[in-house]
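Shown next as structure tokens: one chain only, the form predicted on its own.
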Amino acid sequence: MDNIIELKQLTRSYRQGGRVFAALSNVDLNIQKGEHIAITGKSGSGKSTMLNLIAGIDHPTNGSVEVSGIDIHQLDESKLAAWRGKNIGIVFQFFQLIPTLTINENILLAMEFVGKIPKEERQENASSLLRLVSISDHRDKLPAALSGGEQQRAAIARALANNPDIMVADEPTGNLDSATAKSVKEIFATLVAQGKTVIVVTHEAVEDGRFDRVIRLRDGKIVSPDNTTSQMQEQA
């Protein structure tokens, strides 16, 4: 099995008042290269915690996250940040574009921070990504001039700026109308067809057949990770 991500006994606990709360508890999960994965469950089930641990944004209490054979949480903070910039593209629900930069500048800045793409190739790369997400006409606009769907497309282009192997998205369509949400989901499907691994956290009902697997969480633990999408919907 060509696993790109391996979660081993992954646990993330938080102290709340006088007790310890496990947001994620002893999770084992393998994700193969090129898979399109949905992580779903009720609010507080551990979805975003899992995604943040995979992306190296948060640190586990116990267990490990191995990506392409690297135990990422054994890296120091500077090495982890550098690794994340080169290997993970992150899409957030609320876009998190820099408001004082144009869409094109947002993408270029992501490349400048990481230094993976040669300087002379960055503008062409940015232009190519804007074409991919169909917002080339908005390249010189500030984020506030774009609709929510257009801003999410820009956020996806920025996440792809350094050609990462893995894309993670936390509720990427949560604030979008159904038609715009569908177009964003189609972009993710295109990325999977290109060989990228795409992991999407969602609280929405998962459409049958869109994902290779649906990982359902309940109280910080995986419930029947190998069920098909339709089976998961029947249990929900």
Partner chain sequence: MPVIFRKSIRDLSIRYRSTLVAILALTIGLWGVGTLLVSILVMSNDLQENYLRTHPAHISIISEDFAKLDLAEIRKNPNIEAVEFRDKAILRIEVNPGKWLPLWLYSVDDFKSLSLSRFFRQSGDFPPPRGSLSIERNVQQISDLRIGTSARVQSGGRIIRTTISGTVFDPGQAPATQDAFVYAYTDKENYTRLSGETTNRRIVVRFQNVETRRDVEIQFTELSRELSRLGISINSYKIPKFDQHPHQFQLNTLLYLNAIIGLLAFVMAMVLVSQLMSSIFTRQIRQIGIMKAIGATRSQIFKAYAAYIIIMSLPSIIVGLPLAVITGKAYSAFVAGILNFDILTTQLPYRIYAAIILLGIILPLVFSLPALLKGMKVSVKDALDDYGIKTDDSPFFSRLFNITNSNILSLAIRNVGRRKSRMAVTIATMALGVALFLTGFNVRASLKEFLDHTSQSMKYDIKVVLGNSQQSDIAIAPFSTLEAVKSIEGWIGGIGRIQSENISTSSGIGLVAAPFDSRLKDHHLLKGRWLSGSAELEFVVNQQAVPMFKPVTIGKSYQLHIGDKRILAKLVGVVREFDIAKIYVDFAKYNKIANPDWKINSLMISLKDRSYDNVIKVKEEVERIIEKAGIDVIYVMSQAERAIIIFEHLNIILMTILFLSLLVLLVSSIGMGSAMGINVIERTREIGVLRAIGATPGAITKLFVIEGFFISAFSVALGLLLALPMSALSAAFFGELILGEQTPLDFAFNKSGFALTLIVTLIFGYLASRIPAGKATQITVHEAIAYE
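Bear in mind the structure is a predicted one, so any value in this text is a computation, not a measurement. Numbering follows the first chain given and starts at 1.
Although it is not shown, the form predicted together with the partner chain is what the next lines describe.
**Student:** Any of the heavy atoms of Glu112 lying within 4.5 Å of the partner chain in the model of the complex?
**Tutor:** Yes.
**Student:** Does any heavy atom of Asp165 come within 4.5 Å of a heavy atom of the partner chain in the model of the complex?
**Tutor:** Looking in the model of the complex, residue contacts with the partner chain do not include Asp165, since no heavy atom lies within 4.5 Å.
**Student:** How about Ile57 - does it come within 4.5 Å of the partner chain in the model of the complex, if we only consider non-hydrogen atoms?
**Tutor:** Because a heavy atom of Ile57 falls inside 4.5 Å of the partner chain in the model of the complex, the answer is yes.
**Student:** Although the partner isn't part of this model, could you tell me whether Ser147 comes within 4.5 Å of the partner chain in the model of the complex, counting any heavy atom of the residue?
**Tutor:** Taking the distances in the model of the complex, the answer for Ser147 is no, it never comes within 4.5 Å of the partner chain.
**Student:** Find the only residue in Ile117, Ala82, Leu132, Leu75 having a heavy atom within 4.5 Å of the partner chain in the model of the complex.
**Tutor:** By the 4.5 Å heavy-atom cutoff, the listed residue in contact is Ala82.
**Student:** Which one of Asn52, Thr197, Ser45, Thr173 is close to the partner chain in the model of the complex, taking close to mean a heavy atom within 4.5 Å?
**Tutor:** Selected option: Asn52.
**Student:** Tell me the stretch among 189 to 197, 26 to 34, 176 to 184, 57 to 65 that has any heavy atom within 4.5 angstroms of the partner chain in the model of the complex.
**Tutor:** Going by heavy atoms within 4.5 Å, the stretch is 57 to 65.
**Student:** Go through 98 to 127 residue by residue and record those having a heavy atom within 4.5 Å of the partner chain in the model of the complex; state none if no residue qualifies.
**Tutor:** Heavy-atom contacts to the partner chain in the model of the complex: Ile98, Pro99, Thr100, Leu101, Thr102, Glu105, Leu108, Leu109, Ala110, Glu112, Phe113, Val114.
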